[in-house]
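Two forms, one chain: they're shown below as structure tokens, one block per form, named structure 1 and structure 2.
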Structure 1
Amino acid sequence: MTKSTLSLNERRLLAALAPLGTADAAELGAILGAAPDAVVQYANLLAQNGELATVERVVEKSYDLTDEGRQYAEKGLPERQLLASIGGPTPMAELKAHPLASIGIGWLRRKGWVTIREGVVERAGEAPEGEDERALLAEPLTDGPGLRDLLKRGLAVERETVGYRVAITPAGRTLVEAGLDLREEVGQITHEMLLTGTWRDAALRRYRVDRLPRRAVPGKIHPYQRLLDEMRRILLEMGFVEMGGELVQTGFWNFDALFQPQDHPAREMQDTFYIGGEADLPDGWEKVRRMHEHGGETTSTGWGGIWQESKARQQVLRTHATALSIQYLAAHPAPPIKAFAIGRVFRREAIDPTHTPEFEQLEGIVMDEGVTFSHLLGFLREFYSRLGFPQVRFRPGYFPYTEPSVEPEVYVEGLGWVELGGAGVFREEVTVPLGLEHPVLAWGLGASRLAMLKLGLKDLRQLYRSDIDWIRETPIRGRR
């Protein structure tokens, strides 16, 4: 490696190192007027460019007492303070009244400082100062058995300081002795330099096109949040408004208003998180009860049996975002309505690569005069297409609150057709009790499953982890 191929910063670092031989990056940074990180970068380039310098990573450990540790350093460890309160045979009940009893009694027994017989505590001879007590008073704290005991008890913490030591090599020293050009370099030739010809004598900065620049790691939004924001943007562009609601819902809105029978398996404890207490029912709830029992004023025969008001008053963590849709429709009974929600829902699922007890669902509704099942398929096809899934198909499905019902599927290269939720037209048993006079198209899609496909993941749990390396490596744009 020749002098001419080195950058000015590398040559300046060599010149600073020559009289020192070896130095810390921080020390060299002070000499060069550069940050320690920049010095390490220059040194690594010297190490690559002909082994002109070496870089050693130095990790130094130090120890500090916690607030609790400092308190005990002044007053003594809990067991020492507790022992001082034992003048003679002491009933355990009396000893437990001491403020430090919950901590100290166990340590008294562990260290063999007391004996306990038939509920009476007595000293067991001398209680010499232990290594942990000596370590507690040491300045500075030094590694050893006593300090390790303090670390285990949370009375001290270990800190690591990472530094770098840079040394010049014989090859680097030879290059310095031959002379280095330390003139300021010119990074850009100006119009004036061309006219005057001064560019011929200027120290032009050399560029290495065979070296990658230092990697920049900018701040990024979590990949899953970016996709949720993209879904939200697409629906807003399609003319929808966003709706919201509480995580805790009554059984009435979560199940009954959607014509889900009260003996449906999904309402049992194995599928639903129930919250203690009851909540009030909205005005007109009797229409929902009549719909369940005998079909109300429709052609339906309902579910039969006796509808229990107590079940409708139960509070649950919402199992689907459709609970928000039905409440939005109850509050906005006049068309046109185009609304969506992206919200977290909860179900009693065992955690595995494809299931978690809480996840996000994308819910949408459209109500207007003359909308049909074909419009529903069109909305879904448009949404999936804008999200990057142009191949969409539908197969018949069943849900208690829609008829007809479909399950949309998208084609993913390497996986084939993947089902992504459910959709349909609300049944009259759902709309009539609310006084809705026009068709309602509805869908509920698994946002987390969509995200897995877009990000190429095989484990759903990855979406909820703060894995810095994964976040850095994930492109800002998802798979198309």
Structure 2
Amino acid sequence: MTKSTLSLNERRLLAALAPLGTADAAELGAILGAAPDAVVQYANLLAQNGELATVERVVEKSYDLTDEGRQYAEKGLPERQLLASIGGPTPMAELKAHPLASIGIGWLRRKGWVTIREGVVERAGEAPEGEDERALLAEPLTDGPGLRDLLKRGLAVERETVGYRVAITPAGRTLVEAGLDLREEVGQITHEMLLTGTWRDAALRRYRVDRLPRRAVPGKIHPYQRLLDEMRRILLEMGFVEMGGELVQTGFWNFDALFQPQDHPAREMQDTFYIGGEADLPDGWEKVRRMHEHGGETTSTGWGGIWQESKARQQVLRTHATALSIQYLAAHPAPPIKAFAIGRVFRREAIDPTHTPEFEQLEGIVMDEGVTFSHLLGFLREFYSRLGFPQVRFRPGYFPYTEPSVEPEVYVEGLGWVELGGAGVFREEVTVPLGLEHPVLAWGLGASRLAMLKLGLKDLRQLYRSDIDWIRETPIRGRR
């Protein structure tokens, strides 16, 4: 430590201490015009900052007479006063009439100042002044056998006073000899100081860089939103157009147009949030019905059974972003198309650490003349590697609206191969009723799962019911 880190108070104390060498805090306080407690605080800082001073805790004992003791100091101890009242042989009964008899007679006998024979009291010799009597008159009261007696007799009490003695060390002295700046310190540089230039002569308070100030937190985009934005940026860089759409969808767009059979378990009210009301179907919906019932004009058999218009009219909270893709394609049937959506979807799940009834899903589609399943795998590899997963593998998968279907997996250190989304080529049963003439490559990805991997989360609820300390502490620059 150097003097530069000393506060003005510390420097002033050191300066006051130098001529004294050693002094009580109280004494120093008087010199500096500060409370002794403050002096001790500065002295401790001096002790910590390079051992410029030492601080010693001193406990001093002092004694005071009690009220009774003070009376006796004036008039003598009871036995002395009693003795003075005995002229010659005195009958005990007479002596007992003296106001101090009850205390004094015992002490007269104990000190051997009288003899008592057959009820008559007589002086016995000189009765010299005892140590207790000298102690009683001492100024100040000092420890010794006499005082001990007074303490025992309850005529005096002991008190402890704690004081601090501060001493300058050689290091402190060296510092003082080198000269201390004892000018008043300036905390804030003011407008006036800048205008007048007095800042040049000011002693600016120095701050310590090993003491962190109160932490500042910038306004921040949510860590999960940043991840979603990163995915969006990647897809925009790859030339994709962003799709959007309503949270409320018809069964038609959410399921039927995607060739999801009407009795598919995902359509049951245990899995999907229905909201009541019926909506209109788009023109050409009959083609979708024919596809479900018998495969329309394709080589498909369809699902068979009866396709119910009423189920297609039901309204649901969208269960996947594919509901947006299919509507986008219906509205943009001409190739080339590269489009994506990132949006919230809903599944009827109870909330727990790994399930939430709503989460973000990413969906990407490519429609062009001559695109193939190989191209789909290529887009997946490209997207995942840009997202920070260079190792991607593909496994067969199954989705009602794609064929072939694939489940991409990425390699994650410590976890192995992790399934991340699903993909496939839209079935003809999906594309033909909409009049699409070219293959559609599609993939989807649950972004909240990705968030768990990327943000190291163990509990999905953190995304939506965030602990704001988590947001405060998650750095803007994400893991790469």
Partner chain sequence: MPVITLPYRYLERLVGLPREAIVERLPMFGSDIERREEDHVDVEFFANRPDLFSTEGAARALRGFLGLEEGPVRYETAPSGIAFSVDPGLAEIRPYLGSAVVRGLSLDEEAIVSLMGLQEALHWAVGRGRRKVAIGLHDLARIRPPFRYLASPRDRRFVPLDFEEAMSMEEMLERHPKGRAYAHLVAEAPRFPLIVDAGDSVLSFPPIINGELTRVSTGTTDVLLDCTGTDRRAVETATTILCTALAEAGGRLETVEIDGVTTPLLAPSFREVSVGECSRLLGLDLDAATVAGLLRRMRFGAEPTGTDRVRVEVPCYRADIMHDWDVFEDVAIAYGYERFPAIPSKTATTAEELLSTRLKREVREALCGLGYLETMPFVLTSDEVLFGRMRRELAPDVLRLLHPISEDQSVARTSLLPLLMELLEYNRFRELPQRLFAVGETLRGFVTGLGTAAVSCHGAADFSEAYAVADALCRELGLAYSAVESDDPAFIEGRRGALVVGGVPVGVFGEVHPEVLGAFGLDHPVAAVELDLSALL
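All values derive from a computational prediction rather than experimental measurement. Numbers follow structure 1, counted from its first residue as 1. Only the largest set of C-alpha atoms that superpose within 1.5 Å between the two forms is called the rigid core.
In this pair, the copy labelled structure 2 belongs to the form predicted in complex with its partner chain. Core-superposed comparison between the two structures: the Cα of residue 327 travels less than 2 Å.
Comparing the forms between the two structures, the C-alpha position of residue 42 differs by 2 angstroms or more, with the core used for superposition. Superposition of the core reveals a Cα shift of 2 Å or more for residue 145 between the two structures. Here the rigid core is superposed, and residue 182 then shows its C-alpha moved by 5.7 angstrom between the two structures.
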